[in-house]
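One chain comes next, on its own, written as structure tokens: the form predicted alone.
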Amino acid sequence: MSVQVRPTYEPLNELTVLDVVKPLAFFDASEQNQLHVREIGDGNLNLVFHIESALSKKALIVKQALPYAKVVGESWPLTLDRARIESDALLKEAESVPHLVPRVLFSDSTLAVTVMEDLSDHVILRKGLIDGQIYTQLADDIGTFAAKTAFYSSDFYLHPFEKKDQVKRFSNPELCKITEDLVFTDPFFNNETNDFPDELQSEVDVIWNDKELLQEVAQLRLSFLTRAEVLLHGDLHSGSIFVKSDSTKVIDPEFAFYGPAGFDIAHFIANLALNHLSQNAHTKEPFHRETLQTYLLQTIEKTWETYTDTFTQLWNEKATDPFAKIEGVLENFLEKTFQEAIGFAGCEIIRRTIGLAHVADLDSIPQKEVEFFYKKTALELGAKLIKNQRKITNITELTDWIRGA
């Protein structure tokens, strides 16, 4: 349904959210007084309501952006336009990968609301991986998602006028500033937003004083700031993916913007690498642990292989760029994308270890001394990836580095 406009913004609650849902006629008239509402949001930026009919068991999700970050409070204001960007991004992604994103039923730009299909039969990928689950479709699905959304939003496919219009449409300065700070800046300096125990101080000092590392991060940050190559999800970690055995759904693209092509897939790889590290603590039985860690590395490899295969096929069949037929142009683009992805992944690993927003993969390790050990290992891995991004020339070399950590 197209974007509607209401008079004023106000945060919804379990009663007023029904005023948004009832006019959509998603539920039959006989169900309107039999709707069960729960606020289920566990993120930092939004309210999320699950609404289910007690009669038919049909359900949907209502997501509303808050004008501030819950993790900090009203002292950290945020634009409500991110809700419009999220719904627009989901609709744009659905043009090329409709089976890999939740269906948007309605959006309201003034209320900063998006109504989507219910995915309660899925689980968050991060939780599933921590619990030791294996998802055989994951690599194909994420590789396909990243490749198709990248190609169809790029200059290789779009007319230059349309591409530039899309860049304006998805201009997202406030949320990009969060990424600029929390991923590329704060963890590499003594900043008050950082969050790590005293036991990691010596390892953190090494990062803060490593000039070679900081020079590489500066280049990666500049790329993030200046290279509007493709439409990105902008926050493609394992907490932004819903899964079950036969389905993958990428959610929460409120950080969507036009940026460097390697950024999304880097975040996915980094979060799988962190889970790979944490399995040493979470999974006690050696055979099962080895099985899970092998699966994670194979998923990283297959994701990149699917990305390159899918992007190459689209390039050969649908590229409109005049240089698309020139030998080496595609290969140079993919090589640049891969090398930057390694560097971006290193930044994500470091920021998820000592920055503002951690990951449960490491934070949920029950023994503190074990948690600290693997966080130190994560910092070493992140720094190595950043400093050696141009030395790692293929995906198996990358997984070898992760395995070696």
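None of the values given here were measured: they were computed from a predicted structure. The numbering used is simple: start at 1 and walk along the sequence shown.
FYI, the form predicted in complex with a small molecule isn't displayed, but the following is about it.
Site residues 79, 227 and 257 are none of them in contact with the small molecule in the predicted bound form, judged by any heavy atom within 4.5 Å.
With the partner left out here, the small molecule still marks one of 92 to 100, 219 to 227, 235 to 243, 139 to 147 in the predicted bound form; by a 4.5 Å heavy atom cut-off that stretch is 235 to 243. Using a 4.5 angstroms limit between non-hydrogen atoms, residue 375 is distant from the small molecule in the predicted bound form.
Proximity of residue 379 to the small molecule in the predicted bound form: non-hydrogen atoms within 4.5 Å are absent; the residue sits far from the partner. Heavy atoms of residue 352 reach within 4.5 Å of the small molecule in the predicted bound form, making it an interface residue. In the predicted bound form, the small molecule sits within 4.5 Å of a heavy atom belonging to residue 44. Only one of 48, 360, 370, 357 comes within 4.5 Å of the small molecule in the predicted bound form through a heavy atom, and that residue is 357. Proximity to the small molecule in the predicted bound form, defined as a heavy atom within 4.5 Å, holds among 104, 182, 204, 319 only for 182.
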